[in-house]
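Before any questions on binding or motion, here is one chain by itself as structure tokens, the form predicted alone.
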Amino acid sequence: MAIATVNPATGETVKVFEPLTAEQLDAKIELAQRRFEQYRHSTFEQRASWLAAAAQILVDEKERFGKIITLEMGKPLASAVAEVEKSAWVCRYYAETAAAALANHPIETDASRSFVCYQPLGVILAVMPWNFPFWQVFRFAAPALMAGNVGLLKHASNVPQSALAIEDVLARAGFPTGAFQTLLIGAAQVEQVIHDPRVKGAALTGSEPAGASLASAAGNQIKKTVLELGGSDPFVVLESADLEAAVATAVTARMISNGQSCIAAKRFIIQDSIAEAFTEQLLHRYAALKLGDPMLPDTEIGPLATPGILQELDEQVQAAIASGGKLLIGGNLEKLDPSLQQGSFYPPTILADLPPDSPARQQEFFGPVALLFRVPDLEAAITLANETSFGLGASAWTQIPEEVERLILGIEAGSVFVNGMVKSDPRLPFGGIKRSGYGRELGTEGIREFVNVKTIWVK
């Protein structure tokens, strides 16, 4: 895959970039290693001042950065600008909290003095996806840099301008040369980076195959990894739920980033007694969604990021229908407005009544496609929610306290949000279980992933 900006709304190739040669890549890794030897001795106060400056640049130039995001991957401009603002938030959060999170932790033992300290590991590789091209990077970079590590970014090949803009933001903010570098390389060059002894760990957000490949390469070298992979998040709505709020949130939760989000609600599990009302309201809201040019302020759904993603999603939908699923709305590219035909647009789609043996029940649909299920009761809802191999997030809706507690304990996921949509928050650890990955980003847990948790015992 070429490293290029291709406007997904039009199919136009905007700019093509040459990948680094092996020699150029080696030079950047060497620069990162040399920088780490100095950077690790910087103070929390110095790092915090640089990170706060980065946050201010993001806020001041959010419209410009938002347009780069929208141009490269197609989310509506308002969502792209909000992503830049959220990136500033994670910078401010770690600038304010890192020193306390990584302070020495005294523990009473038989020693005169014993404690745990947290020391940086070194050069950390981040392999990041296109769906949140700023947020995904900053939620890695902010804690990694505050912990005293230095970063190398291998971004998705379709968002090179976003990748270069992030490197520029951190440089302008004052971070020393080499503390954070963008690597314009293809997927085939990642193994060279992982195998390099100067690189001490890697974080990846992306697909299961990408995660398995990186984890395998890192495991061969015995290097720490954090993986945030796919999801098929359940959105459970029980009889006592505030139905209007649940439906409104369901649409937002499914359509975030044009439906291309690991933590988007993908499987809607509705109790029988309210299923008809929920479906009717959901269909009404889906039919009203405006699909179009993501640069326009009234557009609600933009194009998918690439033609390949569009083709894969449509093939999944058609296979689900062929397996016995019922198409309630959307699912037909031929009915799209002719003005959208050149782009990678997919209509908001709802599939229902998937039979138990349908492969679609185990798949992640990375686009504006919702799967609708009906269940008789709470226990059936939990069983269905846990049916897939994923375990990233889950949203559940009920007003009954006993049901809340049962859902919290029973759903297998890295996070459970009750009466709200799943979202990432700098203050809360974020990650999954099962095939959704391992390790955590964000919160105190996130900043402690790429550090040496060192035990000190003195007598």
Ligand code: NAP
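Predicted model, so just to flag it, every value in this text is computed and none were measured. Residue numbers run from 1 along the displayed sequence.
One more form of this protein exists, namely the form predicted together with the named molecule; it is left out here, but the text below deals with it.
Engineer: Exactly one stretch in 377-385, 277-285, 209-217, 340-348 has heavy atoms within 4.5 Å of the named molecule in the predicted complex; which is it?
Structural biologist: In the other structure, the partner sits against 209-217.
Engineer: Is Gly122 near the named molecule? Define near as a heavy atom within 4.5 Å, in the predicted complex.
Structural biologist: Heavy-atom contact with the named molecule at 4.5 Å: absent for Gly122.
Engineer: Does the named molecule come within 4.5 Å of any heavy atom of Ser87 in the predicted complex?
Structural biologist: Answer no; every heavy atom of Ser87 is more than 4.5 Å from the named molecule in the predicted complex.
Engineer: With a cut-off of 4.5 Å between heavy atoms, is Phe430 one of the residues that contacts the named molecule in the predicted complex?
Structural biologist: Yes, contact at 4.5 Å.
Engineer: With a cut-off of 4.5 Å between heavy atoms, is Gln136 one of the residues that contacts the named molecule in the predicted complex?
Structural biologist: Yes, Gln136 lies within 4.5 Å of the named molecule in the predicted complex.
Engineer: Let me test this: is every residue among Met128, His155 and Gly230 within 4.5 Å of the named molecule in the predicted complex, going by heavy atom positions?
Structural biologist: Looking in the predicted complex, the three residues Met128, His155 and Gly230 all sit within 4.5 Å of the named molecule (heavy atoms).
Engineer: Name the residue from Cys262, Ala141, Val236, Met73 that puts a heavy atom within 4.5 Å of the named molecule in the predicted complex.
Structural biologist: It is Cys262 that has a heavy atom within 4.5 Å of the partner.
Engineer: Pick from Ala78, Ala103, Leu243, Ala187: which residue has any heavy atom within 4.5 angstroms of the named molecule in the predicted complex?
Structural biologist: Of the candidates Ala78, Ala103, Leu243, Ala187, Ala187 is the one lying within 4.5 Å of the named molecule in the predicted complex.
Engineer: Of 344-366, which residues get within 4.5 Å of the named molecule in the predicted complex if you count heavy atoms?
Structural biologist: Contacts from 344-366: Glu364, Phe366.
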